[in-house]
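What follows is a single chain, given as structure tokens, in the form predicted alone.
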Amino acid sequence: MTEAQGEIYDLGYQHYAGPRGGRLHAVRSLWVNSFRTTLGLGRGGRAKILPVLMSLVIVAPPAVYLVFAAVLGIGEQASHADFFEIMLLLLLLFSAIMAPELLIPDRRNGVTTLYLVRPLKAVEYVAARWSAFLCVTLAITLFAHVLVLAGNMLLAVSAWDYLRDNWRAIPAFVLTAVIITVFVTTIPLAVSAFTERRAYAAAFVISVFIITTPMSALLTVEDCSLARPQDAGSGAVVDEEPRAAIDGFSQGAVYFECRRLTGEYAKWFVLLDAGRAPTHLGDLLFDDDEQDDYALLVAELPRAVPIAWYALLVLGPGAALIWRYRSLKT
């Protein structure tokens, strides 16, 4: 049996002599760490697959549009508002999956308490994580709409004339991108603050937006029935094409009486579709003549209503997120 051998080096107590960055340096370092974590930088190849794949999926629709415009020279000039509706669902999916990665591992591994010692405050920790994720989603969104703008310019007779006549679309899509990315950043992070499993946070966020969409659709659906011409009200939809007699109606103009099942309340029930809350604000910024039924219903409400609804959906979870981390520090 051999005795264990070891050596002891008596270095004595030494004060830290390195640089002291202070609170601002701590926040900046945490922001950089959050940015890199979201994109999988500084980690293995497997950690980069999901964020890169999701980013490519978000940018794919405008990229395909740009290819058709630049290479084939075909297509019609696209509306930024239409692309926002497509991208919003993809951004929600991206945020629901990637946002929990910024908060949950810190709490599970007990690192949060180390972050929240002085000089870093709970609000600064949340702000660094939140703003870094916001910058990632905002950069992806703006890049996609720059591609849309480039495609529209290529399809125009004169690119500079198009830009001169439609320059107002640039601040409109920039502001709409900010509105959407603030929304898709705040809610998933707030949900992540109250669970210890990333899969649960992602599933909850996705399920909320999936459930509220059919709920709103059911409460705002139209009921159309065949009506006699003399009984057709102001909401009748007229089909002027002559057709054979239908259920006793003579050949000629056919009238369909269409009413919302919830009547005048339908314009309020459309707000139940939580995932469309940012696009309602975007519709206020874009002068789009081809609006869908949801946009037309919201247009009947005072402008302050969709703005207040969006603010509630963002400020409520945001306040819960800050409260959660303030309580962790205490």
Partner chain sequence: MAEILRLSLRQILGRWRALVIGLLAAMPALLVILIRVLGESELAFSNETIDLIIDGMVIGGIMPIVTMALASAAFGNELEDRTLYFLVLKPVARVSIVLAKLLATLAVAVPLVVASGVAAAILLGAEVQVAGLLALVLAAGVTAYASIFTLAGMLTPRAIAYGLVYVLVWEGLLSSIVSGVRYLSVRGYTLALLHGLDEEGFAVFESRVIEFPAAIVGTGVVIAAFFLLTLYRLRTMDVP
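Numbering follows the first chain given and starts at 1. Predicted, not measured: the structure shown is a model, and the values here were computed from it.
Another form, the form predicted together with its partner chain, is not on view; read the next lines as being about it.
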### Task
With its partner chain left out here, work out from 83-91, 164-172, 149-157, 184-192 which stretch has heavy atoms within 4.5 Å of it in the predicted complex.
83-91
### Task
Quick one: from L219, A78, A127, L142, grab the residue that has a heavy atom within 4.5 Å of its partner chain in the predicted complex.
L219
### Query
Is there any non-hydrogen atom of V136 lying within 4.5 Å of its partner chain in the predicted complex?
no
### Message
Is it the case that V178, even though its partner is missing from this view, gets within 4.5 Å of its partner chain in the predicted complex, heavy atoms only?
### Response
no
### Task
Look up in the predicted complex whether I104 has a non-hydrogen atom within 4.5 angstroms of its partner chain, and give yes or no.
no
### Query
Does W268 reach its partner chain in the predicted complex if we count a contact as any heavy atom within 4.5 Å?
no
### Query
Which residues within 45-62 place at least one heavy atom within 4.5 Å of its partner chain in the predicted complex?
R46, I49, L50, L53, M54, V57
